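What follows is a single chain, given as structure tokens, in the form predicted on its own.
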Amino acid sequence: MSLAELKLPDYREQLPEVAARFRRISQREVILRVDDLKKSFGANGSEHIVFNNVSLNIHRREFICVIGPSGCGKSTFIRIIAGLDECSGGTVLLDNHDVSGPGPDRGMVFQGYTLFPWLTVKRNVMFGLEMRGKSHVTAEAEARQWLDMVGLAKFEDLYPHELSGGMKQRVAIARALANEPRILIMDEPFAALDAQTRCQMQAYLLQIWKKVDVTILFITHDLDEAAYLADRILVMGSNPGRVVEFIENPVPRPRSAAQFISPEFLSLKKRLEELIHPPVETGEEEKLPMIKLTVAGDEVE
């Protein structure tokens, strides 16, 4: 099958196993409902709308990636779901309960390394457990289980400054999952990592996700990452932010690096690029002011 023959709107006919996978997902319970969500700043007359009319349903154990151009409100959107920001309108329901602030039913992993530098790896994972009232012995035992799951059991007594970037993020994932959240929210967690470590972390995350009853909402700017990780991909537009398309990923699971050159992967990436960077008419591109600061000797094209 050539790339030209594989069109996303028709992939169900060409890939029946993918259609069957999404039928199974759609039969699971909806744990997150977002209805007509809006976020704006400023008063009437000088109001800046970050995003508007965002609605979606996410099923249990789905892996959802959110992509979109800078400024479309991706991070603000997931911060509202995490309870860290307030919306200006609409509703967010997790397990049919209104989201009105942070809670243990939502775990958060940020792009930056947010571990407590004065605590060991084990104590970082224990922190949330002890805050919830668990005894030191119980928290320690559970922390060790989570560190074993992310492959860091032998590093439990090290401090964050003694870890690599990828290891720090694995500790952050273990700490977020230790509270057994219903949904794990990840804001570009691998963006600061080098390319090789980023690929390793993507593989680690998929392995962890298979073992844990958790739904993942994952922001990324990397189209390859979205196509590799997600069940569905939420594409947002800007000015104001809005849902452009919610795409079911046609790349079959289990996934591997070899699929990066498969027709399904390339077709999906092409569609994402068209949505994120729509073609513009000649002469419509934004022009920067042409200020020449030096004589270079020749002109570049």
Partner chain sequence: MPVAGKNNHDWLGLKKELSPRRQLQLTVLSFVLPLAAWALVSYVPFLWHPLVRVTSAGDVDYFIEDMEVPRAQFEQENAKMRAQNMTPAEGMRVNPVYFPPPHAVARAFYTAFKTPPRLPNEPWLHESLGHSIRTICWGFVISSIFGVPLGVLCGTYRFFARLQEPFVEFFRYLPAPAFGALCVAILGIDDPPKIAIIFIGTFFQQVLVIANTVRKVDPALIEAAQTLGASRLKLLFKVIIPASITDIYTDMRILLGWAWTYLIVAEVVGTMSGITFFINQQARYRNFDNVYAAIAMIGIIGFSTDLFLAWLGTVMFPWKRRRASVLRKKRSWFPPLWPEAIAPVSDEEKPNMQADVAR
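Everything numeric here is computed off the predicted structure, so don't read it as measured data. Positions refer to the first chain, counted from 1.
If you look for the form predicted in complex with the partner chain, you will not find it shown, but the lines that follow are about it.
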Of 103-111, 88-96, 67-75, 149-157, the segment with heavy atoms within 4.5 Å of the partner chain in the predicted complex is residues 103-111
Quick check on L84: any heavy atom within 4.5 Å of the partner chain in the predicted complex? yes
Flag K122 as yes or no: does it have a non-hydrogen atom within 4.5 angstroms of any non-hydrogen atom of the partner chain in the predicted complex? no
Answer for M131 alone: is it within 4.5 Å of the partner chain in the predicted complex, judged on heavy atom distances? yes
Since only the chain is shown here, I'm wondering whether R79 would be in contact with the partner chain in the predicted complex (any heavy atom pair within 4.5 Å). yes
The single option of A176, A230, L223, L193 touching the partner chain in the predicted complex, heavy atom within 4.5 Å: A176
The unique member of L115, L217, V214, I208 whose heavy atoms fall within 4.5 Å of the partner chain in the predicted complex: L115
Within 4.5 Å of the partner chain in the predicted complex, which residues of 139-175 have a heavy atom? Give them in sequence order, or say none. Y159, H161, E162, L163, R175
